[in-house]
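Single chain ahead, written as structure tokens, the form predicted on its own.
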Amino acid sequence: MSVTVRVPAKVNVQLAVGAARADGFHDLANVFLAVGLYDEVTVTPADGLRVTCEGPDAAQVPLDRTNLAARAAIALAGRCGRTPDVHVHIVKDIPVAGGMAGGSADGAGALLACDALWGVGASREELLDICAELGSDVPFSLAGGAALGIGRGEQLTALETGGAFHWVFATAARGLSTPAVFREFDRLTAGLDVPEPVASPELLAALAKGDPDALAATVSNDLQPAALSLFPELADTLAAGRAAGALTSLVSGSGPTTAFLARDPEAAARIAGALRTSGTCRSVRVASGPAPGATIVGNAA
């Protein structure tokens, strides 16, 4: 038998970053919005643990035990006293190394799929606990919707949204390492008084109202200066999207994918068309959010 799970990408509509902690991590106030770009993760019984991948940029995805999907299978197997003998196949549609939590999505997808395949029946709380062990963004990939993540981003509170928000995403010619972006953030803020990260009340209100103009006025990403420092060409992409009518533009998470908020689907289509011909990005995708979290979409005997 096999189990297939669909899991969404995310955009950070607010990413407030505190100073580096003693453990090297940073406290965050991370407002996540899941969007309708998806990876699919299928797990099938096997003689041992194996990971395969197809789709755009699949060649960049590690296929060893460092892959978050493999780590998820190992973690769940360890909890239920079995060996992780499973073939994990990932169909990628979320940009790789793009700041949209594609790797985290695969981890959450594999965890939910293995839970179903093995009949573990773990509670949602248990699954979220394993997700938090795997990585800061993995719990949200499981949960989806909209949420505020604090701590490293793994401590989630679900947020209300009053409607759909329409986005255009531009992928870059190369990836950015999340640890490298955080190191650059530390370099740029060295000697400065970095405030404690808190969620913007105005931004949370905009989400709850479903008001794209109010959301556009309040989005922020404290990692954007670091991403632009490492990848200056992203400024051209951001400018092209704004010139095409985006309500706002920002780097998604640690980048280098750039995100553009549109007033409606028609505006999103116009912005996407302009970005495709701008010569400032590799590819362009349109998606709306909130989207559901990891969901079983196939269960074959």
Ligand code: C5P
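Throughout, we count residues from 1 along the sequence that is shown. Since the structure is predicted, the reported quantities are computational estimates derived from the model, not experimental observations.
What comes next is about the form predicted in complex with cytidine-5'-monophosphate (C5P), which is not displayed.
Colleague: Tell me which of 129 to 137, 160 to 168, 211 to 219, 227 to 235 has residues with heavy atoms within 4.5 angstroms of cytidine-5'-monophosphate (C5P) in the predicted bound form?
Modeller: Among the candidates, contact is made by 129 to 137.
Colleague: Looking at the partner-bound form in the predicted bound form, is Trp118 within 4.5 Å of cytidine-5'-monophosphate (C5P) by any heavy atom?
Modeller: No, Trp118 stays farther than 4.5 Å from cytidine-5'-monophosphate (C5P) in the predicted bound form.
Colleague: Using 4.5 Å between non-hydrogen atoms, is Gly24 touching cytidine-5'-monophosphate (C5P) in the predicted bound form?
Modeller: Output for Gly24 is yes: heavy atoms within 4.5 Å of cytidine-5'-monophosphate (C5P).
Colleague: Taking any heavy atom pair closer than or equal to 4.5 Å as contact, tell me whether Thr178 reaches cytidine-5'-monophosphate (C5P) in the predicted bound form.
Modeller: Answer yes; at least one heavy atom of Thr178 falls within 4.5 Å of cytidine-5'-monophosphate (C5P) in the predicted bound form.
Colleague: Since only the chain is shown here, I'm wondering whether Arg152 would be in contact with cytidine-5'-monophosphate (C5P) in the predicted bound form (any heavy atom pair within 4.5 Å).
Modeller: Although cytidine-5'-monophosphate (C5P) is absent here, Arg152 would touch it in the predicted bound form, with heavy atoms inside 4.5 Å.
Colleague: Could you check which residue among Leu247, Leu37, Leu28, Leu250 gets a heavy atom within 4.5 Å of cytidine-5'-monophosphate (C5P) in the predicted bound form?
Modeller: Contact with cytidine-5'-monophosphate (C5P) in the predicted bound form is made by Leu28 alone.
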